[in-house]
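Let's start with one chain on its own, the form predicted alone, as structure tokens.
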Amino acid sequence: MREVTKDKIAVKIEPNHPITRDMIGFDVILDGEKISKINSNLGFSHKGIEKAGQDRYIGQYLPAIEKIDYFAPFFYSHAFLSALERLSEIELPLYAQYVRVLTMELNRITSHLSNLGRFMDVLNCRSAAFHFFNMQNEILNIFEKISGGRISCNYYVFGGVKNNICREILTEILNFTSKFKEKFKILQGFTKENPVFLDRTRNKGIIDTQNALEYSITGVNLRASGLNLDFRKEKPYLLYDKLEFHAPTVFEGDCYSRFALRLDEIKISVELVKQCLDWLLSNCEEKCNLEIKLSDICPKAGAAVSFTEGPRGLIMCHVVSDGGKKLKRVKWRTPSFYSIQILEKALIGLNLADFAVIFDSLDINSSEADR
């Protein structure tokens, strides 16, 4: 901390600071308690993930993709494989499509639960935070039974998924969804009826539709600002055009709106999981992949782009192939990279005490922002 002028002070929020709990730093200029300027410092968790896609064989690159966002590994695996499958004009077996939607929607729930738990922890609502984390842990246990991994699952393969999900696991998921509604009512009571929570989140960190569009914000952060744009509806992939769901939208654009919208999205994801289970329980023995070996993955020459609606917004993967077993170019579009840029817009003029609340309301993951 140092004095910039007589009235202003520069404060450094270093990586892994308790406010962010992440590999991201900030330089903040304070005028008293008010934030007058803020700059973000990225690059602390740099992985060279795009360069690695050009240096490694595709089969070797697949496990590394999930490290881009360790809260949403299934989405990044699908985004990459979807681009390759589109390039090679491969159609997935129907069973694999249902399983991908099932696991991605479960993963959307775990990602939102993790964010909401951290959000409540920042507000010192520890009981609610642990309830969120406990519910997340139940789904991670299911992931472990499906793939052997809780965070990095490496379950998707070129042309489908690694293996069928047995009936016992599908029944366990069904039991979890049936009990989810009652547990969720308790969590809503912790939050929406808490006057301290409402005071700390309402009318704080407001982002209107115009600013959200100017900064290329997508996902929940955009829909909380009044624009109904969900790429599961806008550019349907897998089976989303055959499933019944809606993308909720609110217009206030504050921290409370983003929090409440994630709660609503969790309920919608549960309904999508139930729809997938109805089909999967009747078709447990269907073909799950095209039986293409990792060492034989060799997409056609050309370029392709995939669109995936992740928990934090739009994920895009652009791949260029020359017909070999290594890709010529891999480029990622990650939503947290844009959410970090709008953070200054949402914070100017507010107190330093509001920083952590607004930061967590945007659901920023530095690993996803860095390349």
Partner chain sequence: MCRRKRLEYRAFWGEIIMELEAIQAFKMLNNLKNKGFITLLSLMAEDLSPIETDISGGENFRLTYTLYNPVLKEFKEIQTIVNAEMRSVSTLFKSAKYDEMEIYDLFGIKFKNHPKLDRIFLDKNFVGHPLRNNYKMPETQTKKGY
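This structure is a prediction, so every number in the text was calculated from the model and none was measured. Residue numbers count along the first chain shown, from 1.
Beyond the structure shown, there is the form predicted in complex with its partner chain, which is absent from this document and is the topic of what follows.
Of the listed positions (42, 62, 28, 343), a single one reaches within 4.5 angstroms of its partner chain by any non-hydrogen atom in the model of the complex, namely 42. Comment: 208 to 216 is the region of 274 to 282, 208 to 216, 140 to 148, 101 to 109 lying near its partner chain in the model of the complex, near meaning a non-hydrogen atom within 4.5 Å. Although the partner is absent here, residue 169 is not a contact residue: none of its heavy atoms lies within 4.5 angstroms of its partner chain in the model of the complex.
The shortest heavy atom separation between residue 34 and its partner chain in the model of the complex exceeds 4.5 Å. The shortest heavy atom separation between residue 364 and its partner chain in the model of the complex exceeds 4.5 Å.
Its partner chain is not drawn, but in the model of the complex it has a heavy atom within 4.5 Å of residue 331. Interface residues of 107 to 129, taken as those with a heavy atom within 4.5 Å of its partner chain in the model of the complex (partner not displayed), are absent.
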